[in-house]
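One chain follows as structure tokens, the form predicted on its own.
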Amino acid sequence: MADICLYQYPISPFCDKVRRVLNAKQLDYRCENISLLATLLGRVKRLSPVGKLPVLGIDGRSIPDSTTIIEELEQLYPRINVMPDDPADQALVHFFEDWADESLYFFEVHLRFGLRSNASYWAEQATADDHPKLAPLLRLIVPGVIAKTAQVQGTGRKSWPMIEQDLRRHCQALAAWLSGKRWLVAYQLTLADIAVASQISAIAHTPEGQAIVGQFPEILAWLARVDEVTLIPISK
């Protein structure tokens, strides 16, 4: 049995995506949370050349990037797949994952760290693994540092009514796509479901996001199906 360790930020949707895949594949693994201070001191750069988490350790070998990790897991553990066999379906999974990673992600960043009403709570979550004496100081800088990614990308430079309208438009499209379907692609749970669910769940964990996502019963029912398969609690 391989020794599998996920190096993670617990609140990261990309780490959540990998955890969900590991759970869907029914693999035993452990998690090692990386603190903000450890990140500032270069721990993540020592784990990954790109300096980002998640990183998956398998028998001492480190694999960075959530998409690359999942591709590797598909090769190593094919008994339960999260990629369909049909090439056209595989292409559709790719599009959904890219939409989640490169578009929906910036909505959750802004909602959690860009909105003042939410920033202090999520800064506390982001520094939960830091030393109690250092965490209060780190919480002062976390929202600005993380929210800056949405500012650079552009979502964070819009007014809240514009962001709200954009997010509602995304949810309307997702709900329409899900109408009459159990899963996003083909007839099985795939990486498309997992990638999108990880981002939508993060969005819905804010009051503003929940107010929008909660208006779409198709999305809520689909999220419950994805969660049932992918949020299996594994204590390590």
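Note that the structure is predicted; figures quoted are calculated from it, not measured. Start at 1 and count along the sequence shown; that's the residue number.
The discussion below concerns the form predicted in complex with a small molecule, not included here.
Using a 4.5 angstroms limit between non-hydrogen atoms, Asp101 touches the small molecule in the model of the complex.
Within 4.5 Å of any heavy atom of the small molecule in the model of the complex lies no heavy atom of Trp122.
Although the partner is absent from this view, Asn23 stays clear of the small molecule in the model of the complex, with no non-hydrogen atom inside 4.5 angstroms. Contact between Tyr105 and the small molecule in the model of the complex is found at the 4.5 Å heavy atom cutoff. Site residues Tyr9, Gly51 and Pro54 are all in contact with the small molecule in the model of the complex, judged by any heavy atom within 4.5 Å. Heavy atoms within 4.5 Å of the small molecule in the model of the complex map, among the stretches 63-71, 24-32, 167-175, 200-208, onto 63-71 alone.
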